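Coming up is one lone chain in structure tokens, specifically the form predicted on its own.
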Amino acid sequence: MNESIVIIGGGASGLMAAIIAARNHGQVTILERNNRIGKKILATGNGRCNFTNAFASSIHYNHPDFVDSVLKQHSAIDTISFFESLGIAHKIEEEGKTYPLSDQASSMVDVLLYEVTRLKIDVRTEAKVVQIKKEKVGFTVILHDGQKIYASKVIVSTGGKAMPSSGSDGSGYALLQSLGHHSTTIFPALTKLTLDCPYLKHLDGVKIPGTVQLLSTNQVVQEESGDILFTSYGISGPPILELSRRANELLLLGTKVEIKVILVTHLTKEEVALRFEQSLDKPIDFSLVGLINKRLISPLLKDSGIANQTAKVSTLSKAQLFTLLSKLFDWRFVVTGSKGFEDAQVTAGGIMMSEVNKDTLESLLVKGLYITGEVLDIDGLCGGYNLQWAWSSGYVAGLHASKG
């Protein structure tokens, strides 16, 4: 007898689970609360869909031992092959980021929908699940309109809370908690950080290449390099997104968190000091031209206690020059928080890994219940790793749920 499998959520992991289960002769129904499936995929990679990372391995995730078991069953190479078989030619860019050759996320959704249709998977949109009831045999899934659907297996692929506009509202946590599962604290990851800084209005829109460090109690916790973007609320850019998970985690613990921006990365302090010595007759603001972005000069001088920004370098005290020199290599900002789930790419935290079988993704508490994707306490680095987790976890859950 074929398994009747209900998948709650028609995002990346839910679609993969549905396709694999249907290929394995499962009778599959997808329940999606939005008016279409695959909505969140369309927003990934700025619409280009960075659908995996060619170098993805367990070390890129917060629970490497757990993830390793899943990636061994469906790796990044397997994901690329899967989509190639559906018609997606791919290209690998810097740091292993992998995109469809079309540079269109819609291409990814199109081929997934084609396969869903080909396999005759039952897709029900605008179907919000409000309860999962465990029966003596199987489950009853109850929708918001009172409709009841029977299933011998259920796969929860609802996503986390990141990008709620895509339908990810965190409802999966409550559904699973009602069945006895527990969740860690959840918080935004891969998001923009807010800063306590009086110069943000002036800095808004300044984009520079540089290095940033995350500091907690004056100790370096993490370091990243790349394009840094100052904004009216704080700071953004790929390095900041990478730091944001740890920053939010530390803030939740009540720890003081700072961002250290290293503006000058190709010269030593001694070399910059020599530049000042060779510019004694120049105004201090002009002496920084060609060294850092011009829009950084005024706020940096103010923060260094230099009120007269056109004063000649020779008129400045040793203390003022020392402070300025120090800030060029160590400009610190207090982190007050982040932009939240609305701007976050990923949710950190989720259903505890100790309650899930790492080889099958079946619940250890409820037989026949499987959990995939972001609703679990798994998150990865920026660059295709989180979508890879969605595909891999969907594959594993779909495969094992359909085995009977």
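Quick caveat: nothing in here was measured; it's all calculated off a predicted structure. Heads up: residue numbers just count along the shown sequence, starting at 1.
The same protein also has a form predicted in complex with a small molecule, omitted here; what follows describes it.
Enquirer: Kindly confirm or deny that I8, K128 and G159 each have some heavy atom within 4.5 angstroms of the small molecule in the predicted complex.
Expert: Every listed residue reaches the small molecule in the predicted complex, so yes.
Enquirer: Answer with one of T191, N248, S168, T79: the residue that has a non-hydrogen atom within 4.5 Å of the small molecule in the predicted complex.
Expert: Flagged contact: S168.
Enquirer: From the list I59, M352, A43, L365, which entry has a heavy atom within 4.5 Å of the small molecule in the predicted complex?
Expert: If I apply the 4.5 Å criterion carefully, the residue I get is A43.
Enquirer: Taking the small molecule as it sits in the predicted complex, is N50 near enough to touch it, meaning that at least one heavy atom pair lies within 4.5 angstroms?
Expert: Yes.
Enquirer: In the predicted complex, does D377 come within 4.5 Å of the small molecule, counting heavy atoms only?
Expert: Contact with the small molecule, no.
Enquirer: Report yes if any heavy atom of L113 sits within 4.5 Å of a heavy atom of the small molecule in the predicted complex; otherwise report no.
Expert: Output for L113 is no: heavy atoms all beyond 4.5 Å of the small molecule.
Enquirer: Answer with yes or no whether N34 is in contact with the small molecule in the predicted complex, where contact means some heavy atom within 4.5 Å.
Expert: Yes, contact at 4.5 Å.
Enquirer: So which stretch, 315-323, 120-128, 258-266, 202-210, is the one near the small molecule in the predicted complex (non-hydrogen atoms, 4.5 Å)?
Expert: Answer to the contact question: 120-128.
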